[in-house]
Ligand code: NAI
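Single chain ahead, written as structure tokens, the form predicted on its own.
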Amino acid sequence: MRTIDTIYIDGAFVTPHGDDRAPLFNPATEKQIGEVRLGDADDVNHAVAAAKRAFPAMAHTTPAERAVMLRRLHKAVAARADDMFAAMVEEYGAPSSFTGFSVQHAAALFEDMAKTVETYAFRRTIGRAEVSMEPLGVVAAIIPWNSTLGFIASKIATAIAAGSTIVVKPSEMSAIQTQVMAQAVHAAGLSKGVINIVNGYGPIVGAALSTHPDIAKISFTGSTMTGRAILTAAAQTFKRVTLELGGKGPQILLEDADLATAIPIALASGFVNSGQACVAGTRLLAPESRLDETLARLKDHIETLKVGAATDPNAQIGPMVSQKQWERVQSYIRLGIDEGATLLTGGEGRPDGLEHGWFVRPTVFADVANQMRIAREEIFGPVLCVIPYRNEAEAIAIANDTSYGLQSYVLSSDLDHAKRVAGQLQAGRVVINGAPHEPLAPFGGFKQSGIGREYGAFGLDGFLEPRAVLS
């Protein structure tokens, strides 16, 4: 049993004032593996005060000095790659392919932002005005559990690049991963108070950060419902916000798609991170003219996917993070049946051969109407809805008929055709034929998928205020 009983404030690991404890579980076994002591509002006050003290000096650093800091963080995080991989396997249980990407991605974010700082125009001349891009002040970052390492890294990297200081509130369910990241951050040797990390519950630590008068900006990744509450709280003091929220990503399978290639890509996009991803393409829009073949290929391919623990290198889908999340996914599978959708494959319960662990049977529903709740609400598990369409215009209309707009997908054998369709989709990102992640491209959502963008220069914009001096 691991006991995590410190938080990171003002350059030191300290005992929290808060005395709540939260259990930590291995989702593949359902066994408790540890406990974390959580911070409270007093700990938030101490962390914000430390960040506020550190801000004036940080704000006066040059872009070159910030790039050096970011590369020190990159080196320190990369040095703990094995420990981060092990922590993510034990505490989160994602397949090794996703975990490997996540660990590499977390370290790379600092190098990517260092390159951005070196090319970003912090000073610009607009007519007779001299415009400078100024750091906002103390930033609060509130992090979910489904990609803890990457989210912490991206928000710290952007704050440092902007010349701000930061207080991070990670998920209490990710305390082992957070501890390794905090140790890496400490090893990078930045000035005291520049980076602070406080474990705690959202309604306590998150709420205290959202209303704190000395917080200038909140960067939040998580559910739309929580984002709405943070936005409301932040409005009282006009805090700047970046909100990366939920999604119900459509995948448009065009009539000219090569199904042998497209179906594996569609399932990989729909079940990415075991379905626990806001970017998952959980609505597959298939042409009626090819619907039977599409369903047959989906059924055949999904039954080759292996569900299992992260310790199994062949596993492609891991467990849900918690019993609560497992029960949520089960409830949506029952709801889909009740709504009249046809269960093509999967269903309730655990996959055959897995008696323990929060594993879900990869599930595909056919005969789904876009007005069904399973097609409109974020399930956050390996559940795919197949929605037929008659023509391309209807496919685009169905894709855009959602309150979300984070990431959409187009599958086609004709790249120009795919790009024409992509240009009509209301989403912050559109991925064509499973294209790989582009680390410097903006990431964020339209509509209720959020406000603002992350990564690269677009992410840095949101952490800065332009000041114009006219002479």
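Since the structure is predicted, the reported quantities are computational estimates derived from the model, not experimental observations. Start at 1 with the first residue shown and count on from there.
Just so you know, the form predicted together with this ligand exists too; it's not on screen, but the next bit is about it.
Residue 226 is the only one of 102, 116, 330, 226 with a heavy atom lying within 4.5 Å of this ligand in the model of the complex. The partner is absent here; in the model of the complex, the one residue of 310, 364, 161, 142 having a heavy atom within 4.5 Å of this ligand is 142. Residues 283, 388 and 396 are none of them found to lie within 4.5 Å of this ligand in the model of the complex, as judged by heavy atom distances. Not displayed here, this ligand is approached by residue 230 to within 4.5 Å at the level of heavy atoms in the model of the complex. When contacts are judged by a 4.5 Å heavy atom cut-off, residue 263 does not count as touching this ligand in the model of the complex.
Taking the partner from elsewhere, residue 242 is found to have every heavy atom lying beyond 4.5 Å of this ligand in the model of the complex. In the model of the complex, residue 325 approaches this ligand with a heavy atom inside 4.5 Å.
Just one listed stretch, out of 185-193, 388-396, 287-295, 205-213, contacts this ligand in the model of the complex at the 4.5 Å heavy atom level, and that stretch is 205-213. In the model of the complex, this ligand lies within 4.5 angstroms of at least one heavy atom of each of the following residues of 153-171: 169, 170, 171, in sequence order.
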